[in-house]
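Only one chain is shown below, in structure tokens, and it's the form predicted alone.
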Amino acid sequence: MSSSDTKPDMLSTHDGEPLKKSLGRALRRQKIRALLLIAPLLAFVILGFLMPIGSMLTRSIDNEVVEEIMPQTVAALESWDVDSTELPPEETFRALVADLQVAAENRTALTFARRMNYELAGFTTMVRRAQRLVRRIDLETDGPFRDMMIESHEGWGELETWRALKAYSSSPTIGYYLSAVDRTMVSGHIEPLPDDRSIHLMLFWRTAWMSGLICFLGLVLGYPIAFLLANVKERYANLLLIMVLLPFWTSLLVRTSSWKVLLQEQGVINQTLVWIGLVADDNRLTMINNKFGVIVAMTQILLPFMILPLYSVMKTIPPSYVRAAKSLGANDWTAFWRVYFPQSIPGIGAGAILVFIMAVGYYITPELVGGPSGMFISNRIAHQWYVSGNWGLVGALGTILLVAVLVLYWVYDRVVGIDNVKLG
């Protein structure tokens, strides 16, 4: 039999082992070595990125507090119609008292109260008063429980209380997402929040358009700088590059605080304008604790993130292309616009998407120089986390922000093409 007639699975190594089996074992060893090499990075991504996102998604729909602490009340409310014009029956109030007695003993009543207080203001006060009452109640001999609970706080006699309790008693819940888009279901049906409580959609919109404006200003300011860096002599380019990178060696907090010094009414800019007579001393410009201060400060802070991708792409554009265009009769503007600019678009795309996404998630600068009118959605998320402790709403707001950025990324990929983005 000729060698050409030998089947691959009949070939063997010098020690008699089938060649196919030997190759398979060698490939497995290579895969294991490759996996071990990327294992630290994979562990970091899982622990530092995927698990926090998973926790955020879980918190945004988790509502086990009400069901765990008030199981009898939740069960009793299942047969009550939220559109009813009458309060729940006496048995529901008895279940409420029984649950509150257990919760008071286990010290979980205030946990339940805080959860409901996110949706219905004053619920914490109702539970605190009810706690003092239920400790003295005997479920076997006392009653009627409805009158006793209403006497402790009139809120227990309002339909809105029971509608909200039924609406927010299930787990998982969409309640946090409704709050994140200025909606509520305290009446048992999804309704818009009153204007004086609607803030999140406005903050999402403000964050989007201000981040877009900051990105645009960064491009307008950064493009000429990157062009200069890419086309001057190397010794000057190195000096200019150091000046661009200098902000990275300074704390973000220090840079933001510096803008407070520059922009405040008694700051350097206003003092200079007063000194040269452009502004009256009693009519100084208001440039801080508003949108203007945030836009100026964040544009300066994020400018290097626009310049560096642009510079890295422009550095690879051969100058001979522009010279060739000019030699064929194109003027300076035509040569730039028709030859140079199209080749710099990958850098524009990289810088734009980088600056925009960073701006959307910025927190420190809007907090320090923005004031109420310059607050971003990230500041609201921080407030809910540190002050209110409403982790479910934090998870919902964070998830919406994440989805919005992913949708933007997808749209960008469809329109521009992510393969055309270059970071150098």
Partner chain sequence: MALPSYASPLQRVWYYAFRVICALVFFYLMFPILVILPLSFNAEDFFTFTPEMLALDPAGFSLKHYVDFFTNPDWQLAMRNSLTIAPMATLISVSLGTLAAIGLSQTHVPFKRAMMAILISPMIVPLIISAAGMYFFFSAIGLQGTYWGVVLAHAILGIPFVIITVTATLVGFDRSLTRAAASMGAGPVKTFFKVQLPLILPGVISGALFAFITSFDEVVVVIFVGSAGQKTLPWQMFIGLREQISPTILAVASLMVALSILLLATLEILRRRNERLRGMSPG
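Note that the rigid core is defined as the largest set of C-alphas that superpose within 1.5 Å between two forms. Just so we're clear, the structure is a prediction, and the values are computed from it rather than from any experiment. Residue numbers count along the first chain shown, from 1.
The protein also exists as the form predicted together with its partner chain; that form is not presented, and the subsequent description refers to it.
In terms of contact with its partner chain in the predicted bound form, the residue from Met116, Leu303, Met210, Ala350 that brings a heavy atom within 4.5 Å is Leu303.
Taking Leu328, Leu253, Ala280, Ile199 one by one, only a single residue has any non-hydrogen atom within 4.5 Å of its partner chain in the predicted bound form, and it is Leu253. With a 4.5 Å cutoff on heavy atoms, Glu86 does not count as touching its partner chain in the predicted bound form; it lies far away. The closest heavy atom approach of Glu234 to its partner chain in the predicted bound form falls within 4.5 Å. For Phe216, no non-hydrogen atom is located within 4.5 Å of its partner chain in the predicted bound form, even though that partner is not displayed.
Within 4.5 Å of any heavy atom of its partner chain in the predicted bound form lies no heavy atom of Ala180. Proximity to its partner chain in the predicted bound form, taken as heavy atoms within 4.5 Å, picks out 236-244 from the listed stretches 236-244, 107-115, 89-97, 139-147. Within 4.5 Å of its partner chain in the predicted bound form, a heavy atom is found for none of Thr58, Ala130 and Pro172.
Of all the residues from 30-50, those having a non-hydrogen atom no more than 4.5 Å from its partner chain in the predicted bound form are Gln30, Lys31, Arg33, Ala34, Leu35, Leu37, Ile38, Pro40, Leu41, Leu42, Phe44, Val45, Ile46, Leu47, Gly48, Phe49, Leu50. With a cut-off of 2 Å and the rigid core superposed, Gln30 has a Cα displacement that reaches or exceeds the cut-off between the shown form and the other one. When two forms of a protein are overlaid on their rigid core, residues whose CA moves 2 Å or more are considered shifted, and Tyr363 is not one of them between the shown form and the other one.
Legend note: Cα of Leu308 to Cα of Phe44 is at least 3 Å farther in the predicted bound form than in the depicted form.
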